[in-house]
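Form predicted on its own, single chain, as structure tokens, below.
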């Protein structure tokens, strides 16, 4: 077997900054936008790009995520000429261990890639929100005969130290790369999206695996070593919506960006054709808006029942907002219940969580409140 390009999605991180939302759930399986999981976005982007061979590398609390991905049918990446594989750490003759870093995760699955024998490998993160196709990036890689292309975007200077930062020449050739520099010389940030020539990537991974001092990380080790070795690395500038939802605040903001008063560059309701985001259909009942309900600027998924007041909210399936309850600027995940008289402002209410009768949920100044420990009855 030999194909043009295969994708490898890194989906094994703990996501500890999402607190209780990821205590028993892998970060890419976290709910987003009322009906989606975060992993839906890179998988849909691959499907929309015509990429038919995808490996998803899972690790931390992976059971729910593995089940959700299944055969890849939701994204059309299954069948005779397609392959979706969930790749977990495995026991070998040398023993077994967790993936030691992003690069080691790919290295440990070189046998899967060797079997497919792609000309190029696309490396993605499983926990970013964005909608695009990768065809233009691949075309640039071929046109420039690059060993690696890194998708980049400009970030505010005050945030640059949080990212891998690149310096490029006028033609887009990468001259320098520094992971999370204290004093960045550029605000051109890596998005963690890479296209490699497979032969170049394989060689770099094999060499890195032998280096006992390495962190086995793409940003810290693989990219710098390829630059030092004289490989051709180029930048592809991405101009659309992209969000790293690594914190409660960023996940909340990414949901708010979907609403009419949010960021106009991402609108899931208008995505058609090549930009559609695919997800699991949970076959819930139709949504119901009660006779005394007040609804303003909300996304409300099927199965939700709203009897109270909701303003500027993203509401998932099977949520219940009882009469007399009010919710504003909040995200209500699958099966959450807000009882009568409760007031919720600037909050994330986790899956099947309960806000009790008369309870008031609001954050400390400058933060987002999180409720996910109390379970709604019957859930």
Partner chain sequence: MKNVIGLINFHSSPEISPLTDNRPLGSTSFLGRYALCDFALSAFCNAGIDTIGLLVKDHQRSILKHVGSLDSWTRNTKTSQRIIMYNEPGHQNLACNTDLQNIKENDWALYDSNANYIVVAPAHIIASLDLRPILAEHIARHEKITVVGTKVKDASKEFLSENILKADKDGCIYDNYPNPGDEKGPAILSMAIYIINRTVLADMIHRFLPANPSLDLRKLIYQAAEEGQYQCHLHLYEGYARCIDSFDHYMEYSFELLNPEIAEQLFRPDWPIYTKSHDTPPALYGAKSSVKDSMVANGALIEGNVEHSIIGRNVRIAPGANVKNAIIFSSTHIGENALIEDALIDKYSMITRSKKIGGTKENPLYLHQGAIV
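From a predicted model like this one, the values you see are computed outputs, not experimental measurements. Positions refer to the first chain, counted from 1.
Heads up, the form predicted together with the partner chain isn't pictured, but that's what we're talking about next.
Note on the partner interface in the predicted bound form: the residue among 295, 82, 207, 249 having a heavy atom within 4.5 angstroms of the partner chain is 295.
The partner is absent here; in the predicted bound form, the one residue of 276, 100, 185, 144 having a heavy atom within 4.5 Å of the partner chain is 276. None of the heavy atoms of residue 129 is located within 4.5 Å of the partner chain in the predicted bound form.
Contact check for residue 291: a non-hydrogen atom falls within 4.5 Å of the partner chain in the predicted bound form. Put simply, residue 225 is far from the partner chain in the predicted bound form: not one heavy atom of it is within 4.5 Å.
At a distance threshold of 4.5 angstroms between non-hydrogen atoms, residue 302 is in contact with the partner chain in the predicted bound form. Partner contacts here mean any heavy atom within 4.5 Å of the partner chain in the predicted bound form, and among 187-195, 213-221, 277-285, 240-248 they occur only in 277-285.
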